Structure formats: C-alpha cells, structure tokens
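In the form predicted on its own, a lone chain appears below as structure tokens.
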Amino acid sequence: MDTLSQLRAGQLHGIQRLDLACGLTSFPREIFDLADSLQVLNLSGNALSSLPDDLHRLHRLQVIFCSNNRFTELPAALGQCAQLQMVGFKSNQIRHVPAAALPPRLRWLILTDNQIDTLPAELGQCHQLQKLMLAGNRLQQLPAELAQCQQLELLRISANPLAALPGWLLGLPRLAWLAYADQPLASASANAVPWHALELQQQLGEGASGVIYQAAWQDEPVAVKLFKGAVTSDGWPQSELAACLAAGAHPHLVRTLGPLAGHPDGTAGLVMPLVPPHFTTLAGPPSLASCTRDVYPAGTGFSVDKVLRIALGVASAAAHLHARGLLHGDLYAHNLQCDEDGHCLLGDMGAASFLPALPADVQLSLGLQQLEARAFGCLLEELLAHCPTDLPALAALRDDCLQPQPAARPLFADIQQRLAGLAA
C-alpha cells in the first residue's frame, strides 16, 4: 500500500499502480503528477464521494477501483477516460448511473452492492463489455439494449428484485458465467455446525465472497468458509448455502457438511471436509489483463489422460448439478482442486442459481444449461492449450460447446457420454 506522504513527496514518480487507503475525503491532485505512467488506480476504502472533472488527464489509466467509499452516483468523469477498461465501485451508495459515466473501451464493470434501480440504455453501446457485476442492487429489469453487448461473457445479477430473466439473455453468443439467484433464501438450520465446537486454525485462502480457514471439528480436519458480508460479488451467502445443500454428494464435488451457526459476530459460514493436501487449485483466477480467462502457472502441461480425467470429472459434476436443478454459474479452472492423476473436485457454489422448475420454463432451463456448456468449452479450450498432443475428438467437443448459437450446444448428459466413450 502506498502512502499519501510518499505521493506528495514525489517518491512515486513512474509507478504504474497506485493504492491509497487513508481516509481520503477528496481526490489528491498530486495523482496527476503520475499521468505519464499510471495505469491502475485503487482508491478503495476511503470516504470519497466524487472524482475530479479532469480525471481524463490520467491519459494512461486503464483500471480504477473505488469500492467502499461514499459515492451516490457513478462519476461522469469516468466516461472521458479514453483508455479506461475496468471500473470497480463495489459497496458504495450509488443510485444513479449516468450514460456519460461509461468509458468508450469499457470491458469490466463492477457495481456490486449498491442501490441502483435502473441502468442507462447506453450500456448497450459498450460493445467491448465482457464482465458485468450487478449483484446486490434494486434492479427490476435490465435494459433491452444490453442485448447489443455481444462480447458479454460473465453476468452477475443475483440479489436483485428482477421480475424475470429477459428472453434475449440466452441469445448472447459468448455468455458463459451467469448468477441470477433472485431471493435471499433462509439459512438452513439442519446439520448446522456450532461455532463453539470448531477449533479454528490457519487461513487457507480467500476469494471474492469469503475467507477459508482450516479447523478441527469432532477431531476431524475441516474447512470453514466465513463470508465477508451480507452481499458478495456473486449474491447472498444464504443462496450459496442453499445451493450447497441442494447439490448433495458427488465424487467430483466439494461436499458441504453444514452451515455455520452461532458465530459471535453473526457471520455466515459453511463447513466442508478438508480437501486432501495433495490436491491443488488447477489455475489462478482471471487477471486484469485476461478479464474472463483463468491464468495458469508458467510451464503448466497436461497429459492426454489428465485432460480426459479432468474434463470427465467436471462434466459429470455439472450433469449432476443440472439434474438436481442447479446451475453452477462459475465453472472455472480456479474453482477446481486436482491431484496429479487428474481427479478433480468442483467447488465454490457462490454463483449457483436454481434452474426453473415449472414445465412452462423447460426451454429456459435447457437454455441455461447450454449457456454453462460454453463455460465448459472455455475450460476444455484451456486444457487443450496446455496439452502437447493433438486430440481431434476433444477439439470437436470443445468447438461444439463454443458454438455461438446457444441452442446448438450439447447438454451435459451428452458431453459426459462423449467423454466417457473417449476415456474407454
């Protein structure tokens, strides 16, 4: 973390990223001294309510984070920043999003946990938009013009009072990761694990929605996920809990032992079996540059057998979830724990949503499943990119899953069957 005194003393000249969290109530004008180098500006965790009208003077700025501040309106000055691609204003009090605030090269917009009830129709003119995160607002509908965002791949609209999913949504050719859980489901009390019965140990990891710790419960090692707030990047913690419990047991899913009960601060949580230490996360989450695609460690390589085992494990887990009326919503390599042989466990149900259950919504349910088939196609594309052997049958399956016409993509029962035939 940089300091205001360093900035004012001119000690940060030439830096590409600036992080300032020091109770700021106004934008430090000294930031403009970094205009020839600054690409990422992080002012999260302050008390800001406005940005200067001449923000465009930061002519190299590509990313700005202003989460956990006091903005009530998305600043119009953002729209004048010609190079700005990523805008993050999570957990403010934003009610109004003016069309003028949308920069021309916008790829990634985060407005999670605000008070927005309408979005401008001009959002549909952001033709490079790939990720749109709107969970935890007051939206009753999405602008129909958003259908023009043909590059949109990830959409988070959970924890909003949306009347229904718009029909055009499932026609978007690249949409692969969708979270739309629409109600704060009550926490289940069955099989709840009392906080006082846990012996909390070291932190294992941290994601957008919570922090995971190792713990002991009834003399057995477990993992405990503590949610960060009432609304996460994906939606309500209660919705994740409901999805975890509805998912049931499957050899390629991280199980849920039960919800956490009795935390002294009222923090919601989940208790899960501890994944064995010889399992590792398959990839890192998307970077600012990759936007929607996971980042694999340098030198990553997979054998044909390992690619097949991973693909079949994920497909069988997804087919199981769909059969139980659930859309995972975040089918990514960074949510997979794998061992050296390719046995994998799919976790993180934070973006999961329940599929429509009414007979009248059969087509909607099938369309949502085919949307998730594209996410699987993206995963398969990444696996094959790290496999030195040419695999025509898997490449054909990848291409089928990445069809721009969602209705042409296979369902997971078919995907699983094709992979099982290859494995045999």
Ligand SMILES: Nc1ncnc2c1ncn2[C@@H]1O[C@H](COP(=O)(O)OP(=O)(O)O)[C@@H](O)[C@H]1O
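Just so it is clear, the structure is predicted and the values come from calculations on it, not from any experiment. A residue's number is simply how far along the shown sequence it sits, counting from 1.
Same protein, other form: the form predicted together with the ligand, not shown, and the subject of what follows.
Student: Do all of 210, 254 and 348 end up near the ligand in the model of the complex, with near meaning a heavy atom within 4.5 Å?
Tutor: Checking in the model of the complex: 210, 254 and 348 are all within 4.5 Å of the ligand.
Student: Check residue 263 for me: does it contact the ligand in the model of the complex (non-hydrogen atoms, 4.5 angstroms)?
Tutor: Contact check for residue 263: no, nothing within 4.5 Å of the ligand in the model of the complex.
Student: Is residue 305 close to the ligand in the model of the complex, meaning a heavy atom pair under 4.5 Å apart or at it?
Tutor: No, residue 305 stays farther than 4.5 Å from the ligand in the model of the complex.
Student: Under a 4.5 Å heavy atom criterion, is residue 341 part of the interface with the ligand in the model of the complex?
Tutor: Contact check for residue 341: no, nothing within 4.5 Å of the ligand in the model of the complex.
Student: Taking the ligand as it sits in the model of the complex, is residue 204 in contact with it (heavy atom to heavy atom, 4.5 Å or less)?
Tutor: So residue 204 counts as contacting the ligand.
Student: For the chain seen here without its partner, which of 286-294, 331-339, 245-253, 88-96 has a heavy atom within 4.5 Å of the ligand in the model of the complex?
Tutor: That would be 331-339.
Student: Just give me the single entry in 272, 147, 215, 175 that has a non-hydrogen atom within 4.5 angstroms of the ligand in the model of the complex.
Tutor: The residue in contact is 272.
Student: I need to confirm a contact call. Of 238, 281, 128, 80, which residue comes within 4.5 Å of the ligand in the model of the complex, counting heavy atoms only?
Tutor: Flagged contact: 281.
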